[in-house]
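We begin with a single chain expressed as structure tokens, specifically the form predicted on its own.
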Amino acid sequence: MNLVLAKTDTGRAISDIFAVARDRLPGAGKIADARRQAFESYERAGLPHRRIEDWKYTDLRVLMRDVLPLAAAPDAAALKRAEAAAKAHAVEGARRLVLVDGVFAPKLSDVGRLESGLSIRTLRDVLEADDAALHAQLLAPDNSDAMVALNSAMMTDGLVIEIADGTALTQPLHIVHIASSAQPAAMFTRSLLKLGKTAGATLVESYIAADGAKSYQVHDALVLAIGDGARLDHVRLVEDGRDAFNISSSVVTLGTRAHFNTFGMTSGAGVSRYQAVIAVAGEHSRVETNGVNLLNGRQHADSTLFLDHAVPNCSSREIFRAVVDDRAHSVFQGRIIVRPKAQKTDAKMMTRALLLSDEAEADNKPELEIFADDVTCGHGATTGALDESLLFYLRARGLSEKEAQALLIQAFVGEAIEQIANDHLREMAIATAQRWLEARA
């Protein structure tokens, strides 16, 4: 018996979107073949839904419904609006690298006088060059996840950053994703950072909207390769417009004695999902992942982390905090797997959610899968409201209710924020949290 699978209207639309965009997508030959295969993988699966365990709490068929057409290349007016947005979100002392509507904007970026040992190229240039090794790394994310496959098929531009062995960058690198289109559109970006042996760097990513940007989608992927003895500090700040969707993925690989410290804060976007796969592939390595969701209105933010301990004598720490107001929904899914050979693993994970209204929702799902017998591992999760006795104590000393709440919330998220190594970036994260708290009043 022959079976014919009927496509929905959304299925036909995404096929049309891929066909129309194909001429704008860089890379030919094997790259074009890889795109086609990735798109076919996405078409077979469609948007993730609640029957897929990893997407149980973030049903994109309900929340997002369809994929928007590829954003047009930014014109002069769009770049002007983006320039104003970039200045408003500048990171002091950082080297700014700007992507506007998914396209690298050299006139808004600091690409001159690179530090010795630092190389920066665009994804477009690398995909159109004959560099099989870099192509393989850029295509490393697993297309079994539908949204990763869609990104693989549609990736338009991004940054390829290489840091030579022994190079310790003095300037943080700041990748700024700016949406400027007044028409509903999607941008697809992918970046790669290769950190050489004993090298060191700080990477900041910001997701923001220029004035007038409406109902856009961000589809981003980041590949991080951290060499032996290297250290990478990574900060993600999601401040997209409230009608935006942000679906981002990361694939991280650590070498021997490598150190990865990452912090993410989500206070923007109507719907966001950050999923990271971190492979601890070298002995004596350390991973620190920290995050904060600050949500209100009807925001939905999902952080899904998979940490794979494959070798002995490594450690990891995960600290996640969520502050949820109104009818917002926070999701944290953290899974740590300890492989049979990963003896002497030290892994701990803790997630806490603070609900500020009766209609706020938080789903916390920490998991441990341990296949080794000489390990120190643990996890925990709590959800609750502000402590009434502490509120009473603060109010008895002259603070208003909002001031007392703000003080307790700052202390609640402070444990995660304090893990940011760079003093200026830590202060910037604190300021972002303070602005969110002030807006509640």
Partner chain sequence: MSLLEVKNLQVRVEEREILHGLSLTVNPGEVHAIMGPNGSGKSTLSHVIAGKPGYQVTGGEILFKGEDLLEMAPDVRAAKGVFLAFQYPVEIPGVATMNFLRTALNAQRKARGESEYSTPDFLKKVREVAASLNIPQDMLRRGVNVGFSGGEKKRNEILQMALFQPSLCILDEMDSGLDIDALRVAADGVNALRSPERAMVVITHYQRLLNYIVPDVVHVMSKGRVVKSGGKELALELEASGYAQFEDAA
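Keep in mind the model is a prediction, meaning the values are calculated, not measured. Numbering follows the first chain given and starts at 1.
Not pictured, yet referred to below: the form predicted in complex with its partner chain.
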Do L408 and its partner chain share at least one heavy atom pair within 4.5 Å in the model of the complex? yes
Residue contact check: A396 to its partner chain in the model of the complex, 4.5 Å heavy atom: yes
Check T376 for me: does it contact its partner chain in the model of the complex (non-hydrogen atoms, 4.5 angstroms)? no
Against its partner chain in the model of the complex, would E403 count as a contact residue? Criterion: heavy atoms within 4.5 Å. yes
Note: its partner chain not shown here; in the model of the complex, the stretch from 49-57, 385-393, 63-71, 27-35 having heavy atoms within 4.5 Å of it is 385-393
